[in-house]
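A lone chain, given as structure tokens: the form predicted alone.
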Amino acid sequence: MSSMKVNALARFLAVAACTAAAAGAAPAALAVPSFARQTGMACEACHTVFPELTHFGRVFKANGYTLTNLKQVRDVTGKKEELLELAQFPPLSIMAQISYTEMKTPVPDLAAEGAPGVAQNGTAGFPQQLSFFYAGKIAPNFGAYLQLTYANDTGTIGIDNSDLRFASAAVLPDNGTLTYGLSVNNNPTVQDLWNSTPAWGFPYAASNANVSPLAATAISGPYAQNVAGLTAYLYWNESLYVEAGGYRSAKQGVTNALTGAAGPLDGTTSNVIQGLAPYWRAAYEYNWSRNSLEVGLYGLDVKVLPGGTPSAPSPLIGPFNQFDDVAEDLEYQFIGDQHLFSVLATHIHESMTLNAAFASGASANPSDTLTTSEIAATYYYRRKIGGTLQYFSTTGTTDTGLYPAPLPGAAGVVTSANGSPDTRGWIAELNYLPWLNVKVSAQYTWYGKFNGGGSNYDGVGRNASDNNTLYLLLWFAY
């Protein structure tokens, strides 16, 4: 295998240079006005400030998005069995993000070979993202959150975060309640009820025109919209939540070269999950007065067959790479009439067994570890003015295969001079909401370390602080 192919494969095995692909790169809003239209309640019933959920919002989600105040078209059998229950108006919404991004230092202009040129600094996204939603009840006990997104980085429309739910509830002998259900979704943790897990975690919106670190854990987005999962859950007394299920590859935009159809996946397809990837979740929430506190655990175990290209395929049998993620999370909320405060934290530890990568030379080690930690505090006054401060950190095993140095004469930037994934920094965000469904944001990301270093981290003279990013955003939904 050539060094160029090894480095290309290694970057994916770092679990994605960008933490999600295409439209999944920036977490999309769970807050959509179709839910407000369906329930007849304003956004603040389910959200502190969108998209962070309140306790009521979590209960609404666990019950399958089916609570409604709309007039229904119904049909029943002679035995009063429900055959149909349709709202007279479909729960549709749109969302748009218009943004401007500027890094502290421009990146090299690859068109200027042999010259010290730099790319234009400052990227306008108009729109950065435009989404269409069906979000609400489909039938009795069956609801959905379905999202189609246009993203300016790809210039295409594709499936985004989606969650189909069947849910019901039972009253227990002690007058307690047990909500139970199934979720069919396309992104591990997108079905979760709390904002402390990756799919709906802070930052709720992020630039797709910045420089992203090499390393991210498997549960943090690399498989978003390229998997299909089925999970079952129980939610006891709106406090104890347990969930288990699994994911299989469901690649988008992939065809079999032999059949010309969407499948089956073969050895020319990169990074196919072998069999079923188990997912699990346990959380407990305690509510008192205007406060709530949740603590929990979650995890994902993914076995990945690297695959190849039509010219150099790798069979979907044999050595695979395994990413075993175990995480802890915490969420605290205070919701007052004027003041709202929350703390979100998560800590993810990933154990990598890199049999396929090590055998091909794409990894310097047969096994590695990766750990990410995030803690964010948010304050709002009257849901109008507020902001969030987050600290983030990634540390892991030094591996010159997974986190490669630049090739001679290359531009660097997304490389690591010392083979380390270590990255840390802060995100500060200020928000103003003139209305509950419109948000104006100014976000600044500061790096103290990037891909293993503070100064000359890429071996070509770029410093971690050169990737500091200012991100301005107009975000609205209707």
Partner chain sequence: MVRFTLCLLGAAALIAAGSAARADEPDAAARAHAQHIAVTVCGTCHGPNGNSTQPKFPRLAGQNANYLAAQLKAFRAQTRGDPDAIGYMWGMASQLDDDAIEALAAYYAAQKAEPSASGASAAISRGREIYAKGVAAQGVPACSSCHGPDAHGLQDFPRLAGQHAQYVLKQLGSFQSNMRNVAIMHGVAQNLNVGDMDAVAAFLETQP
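Model, not experiment: these values are computed from the prediction. Positions refer to the first chain, counted from 1.
Another form exists, predicted in complex with its partner chain; not displayed. Remarks below refer to it.
Q: Give a yes/no on whether residue 424 approaches its partner chain to within 4.5 Å in the predicted bound form, heavy atoms considered.
A: It does not: once its partner chain is placed as it appears in the predicted bound form, residue 424 has no heavy atom within 4.5 Å of it.
Q: Does any part of residue 177 reach within 4.5 Å of its partner chain in the predicted bound form? Heavy atoms only, please.
A: Taking the distances in the predicted bound form, the answer for residue 177 is yes, it comes within 4.5 Å of its partner chain.
Q: Tell me, yes or no, whether residue 59 is in contact with its partner chain in the predicted bound form, where a contact means a heavy atom of each within 4.5 Å.
A: So residue 59 counts as contacting its partner chain.
Q: Taking heavy atoms and a 4.5 Å cut-off, does residue 121 contact its partner chain in the predicted bound form?
A: Outside the cut-off, so no.
Q: Among 270-278, 185-193, 67-75, 394-402, which stretch has residues whose heavy atoms lie within 4.5 Å of its partner chain in the predicted bound form?
A: Of the stretches listed, the one contacting the partner is 67-75.
Q: Using a 4.5 Å heavy atom cut-off, which residue among 171, 83, 258, 385 comes into contact with its partner chain in the predicted bound form?
A: Comparing distances to its partner chain in the predicted bound form, the residue within 4.5 Å is 171.
Q: Note which of 438, 413, 41, 442 lies within 4.5 Å of its partner chain in the predicted bound form, where distance is taken over heavy atoms; exactly one does.
A: Only one listed residue qualifies here, and that residue is 41.
Q: What residues in 225-242 sit within 4.5 Å of its partner chain in the predicted bound form, counting heavy atoms only?
A: Residue within 4.5 Å: 238, and no other.
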